[in-house]
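The chain that follows stands alone, in the form predicted on its own, written as C-alpha cells.
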C-alpha cells in the first residue's frame, strides 16, 4: 500500500474527498438545487476548507480550474467516467492517463470499477494499468468500488459491500470508496475485509444534516477512514457549515449530535 501522507490525500490518517465528477456522471441537473455550483470555481472554493483533504474532478475541470487552486487544494484526478446517457452494462472508460494527471499536478488518482458487470474483466485490466502507472509516479490510488451489473439484485447488502472493499485490497487500491451498507456492523465487515486498504463511504444522494452525519459517525466508529462526498456538501446553500460538522465527526471523532450542536451554536 502507498503511505497516505498529509501532503497527498489524508490528514492524520483520515480522508475527506470532495467529489465533483457529477457533471459527467449525472449531468447538469445535479447542480440545479444550488445553481451557482454549475460553475466549478464555486465548488473549488468549498474545497479550500481545512476539512477537505482532496478534490476529485475529471480532466477538463482539472485543466481549466485547478491551476488557480493548486496552492490550496489537493487534486484527485478521476481518471475514468461515463455519462448518465449510457444504457449498456455498467462500464466506465478511462478519459485521461496517469502521466497527464501527474503533469497537471495531481496528488492522487481515482478509478471506478464495477465488480459484477459483464465488463468486469476489462475494467480490472484497465485498473491494473492505471494502478501500476500510478506507482511509477508515486501517486496513491482511490478505487470507486461499486458492485453493479445484471446479476446483482442488491448492491448495498453487507456481503456485497465487504466484497467491494476486498476487491480494492486485492487489486492494489490504497483507498476503497464503497456505498454505506446501512449499519455500523456492515461497515465493520467492509473495513475488516479491506485489510490495510483504507475504506471511505460514498456520500450518496442528499439527505438531512443529522441523517448524513450519523452515517459518517458510524463509518468512523467502524474503523473507516472517512468519506468521499459531493452532493451532500455542495447541494447545500451553506457548504461550509456541513464541512465544519464533518471535520468534527471525522477528525475529532465527535458524535453527529455534538458536531451539529457546535456548528449551530
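Worth saying up front: this structure is predicted, and the values here are computed from it rather than measured. Numbering follows the first chain given and starts at 1.
Missing here is the form predicted together with a further copy of the same chain; even so, the following discussion is about that form.
Please run the contact check for residue 140 against a further copy of the same chain in the predicted bound form: heavy atoms, 4.5 angstroms, yes or no?
Residue 140 lies outside the contact set for a further copy of the same chain.
Check residue 112 for me: does it contact a further copy of the same chain in the predicted bound form (non-hydrogen atoms, 4.5 angstroms)?
It does not: once a further copy of the same chain is placed as it appears in the predicted bound form, residue 112 has no heavy atom within 4.5 Å of it.
Is residue 152 a contact residue for a further copy of the same chain in the predicted bound form, using a 4.5 Å heavy atom cut-off?
Output for residue 152 is yes: heavy atoms within 4.5 Å of a further copy of the same chain.
My question is simply whether residue 156 lines the interface with a further copy of the same chain in the predicted bound form - judged by any non-hydrogen atom within 4.5 Å.
Flag for residue 156 set to no.
Tell me which of 222-230, 54-62, 236-244, 205-213 has residues with heavy atoms within 4.5 angstroms of a further copy of the same chain in the predicted bound form?
Stretch 54-62 is the one.
All three of 19, 50 and 77 touching a further copy of the same chain in the predicted bound form at 4.5 Å, heavy atom to heavy atom?
No, none of 19, 50 and 77 comes within 4.5 Å of a further copy of the same chain in the predicted bound form.
Select from 157-177 the residues with a non-hydrogen atom within 4.5 Å of a further copy of the same chain in the predicted bound form and write them out in sequence order.
159, 162, 163, 166, 167, 169, 170, 171, 172 sit within 4.5 Å of the partner.
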